[in-house]
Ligand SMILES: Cc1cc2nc3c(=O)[nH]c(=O)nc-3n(C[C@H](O)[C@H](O)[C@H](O)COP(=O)(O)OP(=O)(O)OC[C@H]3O[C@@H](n4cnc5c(N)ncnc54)[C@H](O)[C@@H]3O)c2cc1C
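Quick heads-up: it's one chain on its own, the form predicted on its own, in structure tokens.
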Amino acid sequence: MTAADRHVIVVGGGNAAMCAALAARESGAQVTVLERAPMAERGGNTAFTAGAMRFAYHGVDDIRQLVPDLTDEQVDKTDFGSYDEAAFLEDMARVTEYRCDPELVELLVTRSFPTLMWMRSKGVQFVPIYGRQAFQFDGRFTFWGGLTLEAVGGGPGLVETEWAAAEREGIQIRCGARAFALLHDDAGVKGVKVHEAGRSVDLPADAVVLAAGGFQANPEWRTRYLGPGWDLAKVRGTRFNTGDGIRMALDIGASSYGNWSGCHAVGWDRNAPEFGDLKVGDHYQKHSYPWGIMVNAHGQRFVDEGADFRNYTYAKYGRRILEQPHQLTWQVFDAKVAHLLRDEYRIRQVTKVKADTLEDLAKKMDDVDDAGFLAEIEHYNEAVRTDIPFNPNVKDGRRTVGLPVDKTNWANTVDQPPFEAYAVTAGITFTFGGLRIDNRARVLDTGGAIIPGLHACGELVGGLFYFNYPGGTGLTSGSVFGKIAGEAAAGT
């Protein structure tokens, strides 16, 4: 059978799914995409992201290949640095406490740049992440934390571009089509069972790619696998990622893999809705905590806000917030750093209080012990090493000394009015546990054998992330393994 004779079904409608569909179609297969969500909510978690993508690069020449419209003026005033394969590998190993699957991570890292170049061939455009990932300091922008580019239009723009490419290339897309079981026999997977327009039908195929996300929108599974209290977390993204793809594969003997008790969880506005809101997107997140302090209901700090660049701590601090009384923390800033706060702090849908004195601020912070907070601020301010210069573009070593939880970078006294505080809870992005795949994105069974005709990519792949996550790696992983899965499903 040639690729042109093969029919590939892709389950899911986000970035990983569309990369798989585009790669399978490019390889010659006929492709059908099944998107569980209605058209208005298409795109999975991708539609809720800012579109940042982590990849290995060796300098500005590589950046210019991905951003050919970059001007000489921008290059002259910007230090893009480099982020080579070794640095990417080390970050993946370090933040996952050296548990990540080395073969999968090597594929992710070494294919990151070529895959983004391939995405450009499909119409995806990239721009530097000025403002969020590079601050102007002494007249220059310096990128930090290995995260440099994002898709034009963020996650929604990426979805729109990839869906347009799929339609242009003759890929059939069916919205409101929920795949709920795999068709299979002793020879492997033969298609899917789909519930669509009020009835269930069998859709045969030569190969199926599962790209339906994790189980973060399933509170019962969250509590079962992540632990008590996780049913109380807000869901940052789509309401449709309930674990269908994982369950379908497990039902036919697929091997589970990865950090099933772990997830990507961040600081999220306390009064955000239960699920993500496409009108607001990722702006409920609150990621400028390195420039201020975070206190719980007792008024006490509980994490090192300056332990590392935001990219390397934000995905694990959501769990720490969930562990606090009332699943609550307040992020506190003074006038010295207010200009550094990301755009998400300026949206209309924000839980914010402001005051000219710390005493008045404490009174306005709901569910916080006033006296405990004021005592914490006093001790914190006394512990700041003000003799060390502050620099938001590097780990500056400006720290506190002698506190139960010291801040190791970007420690500024909180003493210049007006003061601002933002109420934050835990927002879950995606779960880390999933299916075991090989280096061609083929799903393996519990005995380690390939399940013929079944492939997987995106959030439901296990083995990549444990405990934590380097920012921007999720979209890149979806793209890299989506492309691999699509090519393999098409038989190339």
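Just count from 1 along the sequence shown to find any residue number. Here the structure is a predicted model, which is why all the values come from computation and not from measurement.
The same protein also exists as the form predicted together with this ligand; that form is not shown, yet it is the one meant from here on.
Engineer: Quick one: of 426, 34, 454, 29, which gets a non-hydrogen atom within 4.5 angstroms of this ligand in the predicted bound form?
Structural biologist: When this ligand is considered in the predicted bound form, the option within 4.5 Å is 34.
Engineer: Could you spot which one of 52, 56, 67, 444 gets a heavy atom to within 4.5 Å of this ligand in the predicted bound form?
Structural biologist: For this set of options, the contacting one is 52.
Engineer: My question is simply whether residue 462 lines the interface with this ligand in the predicted bound form - judged by any non-hydrogen atom within 4.5 Å.
Structural biologist: Contact with this ligand, no.
Engineer: Decide whether residue 178 counts as a contact residue for this ligand in the predicted bound form under a heavy atom distance cut-off of 4.5 Å.
Structural biologist: Yes.
Engineer: Check residue 430 for me: does it contact this ligand in the predicted bound form (non-hydrogen atoms, 4.5 angstroms)?
Structural biologist: Because a heavy atom of residue 430 falls inside 4.5 Å of this ligand in the predicted bound form, the answer is yes.
Engineer: Closest heavy atom of residue 146 to this ligand in the predicted bound form, within 4.5 Å or not?
Structural biologist: Residue 146: no, not in contact with this ligand in the predicted bound form.
Engineer: Which of these stretches, 91-99, 376-384, 208-216, 223-231, has heavy atoms within 4.5 Å of this ligand in the predicted bound form?
Structural biologist: So the stretch in question is 208-216.
Engineer: In the predicted bound form, which residues of 38-54 put a heavy atom within 4.5 Å of this ligand?
Structural biologist: The stretch 38-54, when checked against this ligand in the predicted bound form, contributes 43, 44, 45, 46, 48, 49, 50, 51, 52 at the 4.5 Å heavy-atom cut-off.
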